Each structure stands twice: as C-alpha cells, then as structure tokens.
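Only one chain comes next, encoded as structure tokens, the form predicted on its own.
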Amino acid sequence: MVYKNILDLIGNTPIVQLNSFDIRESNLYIKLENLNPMGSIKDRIGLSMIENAEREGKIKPGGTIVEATAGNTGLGLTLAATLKGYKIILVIPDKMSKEKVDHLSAMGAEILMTRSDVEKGHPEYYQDYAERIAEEIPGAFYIDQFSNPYNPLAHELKTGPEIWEQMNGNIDAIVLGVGSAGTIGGLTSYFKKVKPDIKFILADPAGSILKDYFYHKEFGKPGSWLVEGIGEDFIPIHSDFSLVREAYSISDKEAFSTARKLLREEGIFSGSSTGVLLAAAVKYAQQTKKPENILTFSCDTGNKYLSKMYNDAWLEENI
C-alpha cells in the first residue's frame, strides 16, 4: 500500500508476544507504539488534538501552537503541525533526553527549556510556563494535552479498538502508566463498553504520587525520578482509575534494566517508561492466581535515550 503522507502511518501498531520474562503460566504481549512515525504512542494524540482544534476553529492557518511536553507529545504535535503549516513552540523540562530535544529542533520546533525541579504552581513549572507563553503571543493556541478532551478520545476511538481486534477479545489485563492520563482515560472509556471486567494495572515510577493516591486517596510528597514521560506530582484530570485493580512502584534502576533486557533478549528497542510498564507487568503475572493474557506497551523507542539509560557511563553515574 502507498500512503498519501506520513500521518496515515500513525496507529495500527503490531502486538508481539514476549518470551524471555518469568511470567509463570500467563502470556505477555507488548503493543509496539515505538513504531509510530515519531517513535511513540504520543503521535496518536498529537494528530487528534490538532485536527480537532482545526475543526473547532481554534487554530488559524499559519498560526502558532504552544505545548508543555516531556518530548514525545511535542514530536507528535510537531509532525502534524509541520505538515499542516503551523509554527510550534514547546516548553520542555530540563531533565529530558538530548535526543528528544535535538529531534524536535531538527524538525523546526522552537524549544524553551525550563526547570524540572519545581512543582505545579511555580512560574517555571513547564505547564504554567507554556500557558503563560501562549497568552503572550497573539493568536497562539495552548493545546494542553493535560486537559484536552481529544487526548483520551484518540485512545478511546483508535487504540482501544485496535487492541480488542488484534487480541480477538482474549485479554485479561492491561498494564499502563500515567503521564497526561490520556491513555488510561481513553482505554477505560472503551473497555468499559466491550469488557468491563478487564483489569488495568498501574505502573508508576518510584517518586511519583500516583500509586499511593490509588491505594490511599491521599496526596503524598512527590520525589524525583529519571524515567521520562510517566509519573506525576499531581492527578491529571483525564485520570480514571475505575478499572485499575493493582498498582506497582518501579525504581529507575529496575525500569532501565528491564528495558535493556527487552532489547537484548527480545530485540525490542524501547524507552524508560516501557521499562516501568514491563517490570510491573512481570510482577503482576507472578502474582496472579491463574494464567492470564496480559498486554502492555512499548511507549516509545530507545533511540531517544542513547545518551542516558543505554549509556553505561551515564548509568554508573546516575543509578
């Protein structure tokens, strides 16, 4: 098949069974979102949010889009924005990988770096900074993945049905993380309709508040973590934990080692958030009382982290 442009390659990513992890009698599958054009699951929401903003008249021809991002949403937005003729300005916390920033710069995005050691409400917190920038630029649109309804809708309308069809409905549990919460929000909406007894398993980086909030409904004090793209110091509005049955906290060290094992033994080149999800999936599989079909995601590609988690010297210095 010949596609009319690169945007038509977003989605319909394959699912692969994993064979190298100790999951007892269960089956473990991974959906390869790293094979999207910009290398992550965020390509889906980038296109969804821009196309719906166009339909609603929120973006004018030649206009400017502003967003706060850990990098991957920025890449998805930049891809769609570039092909559609928009300027894009991205506010990125300074802990994000050099590869992501270089990729965005090469595509023509304007990058504004800000601090990653401040919490929501601080003027240099990346979301507050992006919103302020958008207000200062005439005609700019702050796309705001954290409150934009077309973030979870992309997963409700596309990702969920893909999983259901690819697995022929034979799926017992989905292991996923929360960043903007679009994935969990959208998949919850979809699976409540087709399989309301499915189990969602929350995978959370150690230092994030989400696991403790799920169990105790209290806001703990956030720590710090090196994993990129998931984990939060607040509860995103798209969060829906109604199908979540278990939650696991995964250290940076375990996340990185799990992702590196996935590459060495399965040949799947994934990022740090995938390590969190896969480590949680293995823990869950080892604790289930009966065999289950468990699915998780390769959220993005490992080539975004060659200077970090795949660099032995960086690991020795930081872990």
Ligand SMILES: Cc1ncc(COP(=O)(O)O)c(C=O)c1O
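In case it trips you up, residue 1 is the first one in the sequence shown, and so on. Because the structure is predicted, anything quoted here is derived from the model rather than measured.
Unshown form predicted together with this ligand; subsequent notes refer to it.
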* Structure fact -> Only hit among 78, 159, 180, 208 for heavy atom within 4.5 Å of this ligand in the predicted bound form is 180
* Asked: Does at least one non-hydrogen atom of residue 270 fall within 4.5 angstroms of this ligand in the predicted bound form?
  -> no
* Asked: Using heavy atoms and a 4.5 Å limit, would one call residue 228 a contact residue for this ligand in the predicted bound form?
  -> yes
* Please name which of the stretches 127-135, 161-169, 90-98, 180-188 has residues with heavy atoms lying within 4.5 Å of this ligand in the predicted bound form. => 180-188
